[in-house]
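A lone chain, given as structure tokens: the form predicted on its own.
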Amino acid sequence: MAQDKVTKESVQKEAERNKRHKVRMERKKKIIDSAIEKSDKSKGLMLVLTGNGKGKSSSAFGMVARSLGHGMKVGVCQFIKSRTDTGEEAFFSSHEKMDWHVLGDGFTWNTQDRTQDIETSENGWKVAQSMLQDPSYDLVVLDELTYLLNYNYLDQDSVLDDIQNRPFDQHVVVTGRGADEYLVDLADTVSEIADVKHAYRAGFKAQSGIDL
């Protein structure tokens, strides 16, 4: 009998928990549905992915995959980086609605030539400009752009003007550490990825599929 009583009480408590959960979820659904209903605006968004953590470019390329899945045209401009053997380029660059450009000479500590870096950055920005002026591009990813602005390789006002004056429905994603307040202010969505732990500091080299 005692065991039956415990079982009955347990069933009753579980039923009460389920009932309370249902009430909370119904209340939450009303709030979310109301917010969704009020969010009826549409335009090309600017997103900034910054911070010292790993995953900024990876997040941007996730949006590339999503956009291509919707039949959208995408342009990627990779500044700073110079290697053309990454998994994302191998996967995406052959897509009929993708234009992928590697526009850097390598990290600044590799080139060690500020004049060359500025020239490479300016030439690379011309490619980005052409995308930002072309309404056929639904999404433009400006990978590692923050470095070019932080090192003053590009004129910040001109870059921000080009982004702000892009076609109305065109989305732009900017990645890189140290996004300054002007980029943040211009953006519609900003995500800062924190650096909690990284395999590199434990002596692990860059891994195919994870880093390359």
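One-based numbering along the sequence shown. The shown structure was predicted, so the numbers you read here are calculated from the model rather than taken from an experiment.
Same protein, other form: the form predicted together with a small molecule, not shown, and the subject of what follows.
In short, of 26-34, 179-187, 66-74, 144-152 it is 144-152 that has heavy atoms within 4.5 Å of the small molecule in the model of the complex. In the model of the complex, no residue of the candidate spot (Lys43, Asp162 and Pro167) has a heavy atom lying within 4.5 Å of the small molecule.
Contact check for Gly53: a non-hydrogen atom falls within 4.5 Å of the small molecule in the model of the complex. Under a 4.5 angstroms non-hydrogen atom cutoff, the small molecule in the model of the complex lacks His21 among its neighbouring residues. Interface residue remark: Arg17 is not counted as part of the site for the small molecule in the model of the complex, having no heavy atom within 4.5 Å.
Though the partner is left out of this view, Gln156 does not reach within 4.5 Å of the small molecule in the model of the complex, counting heavy atoms only.
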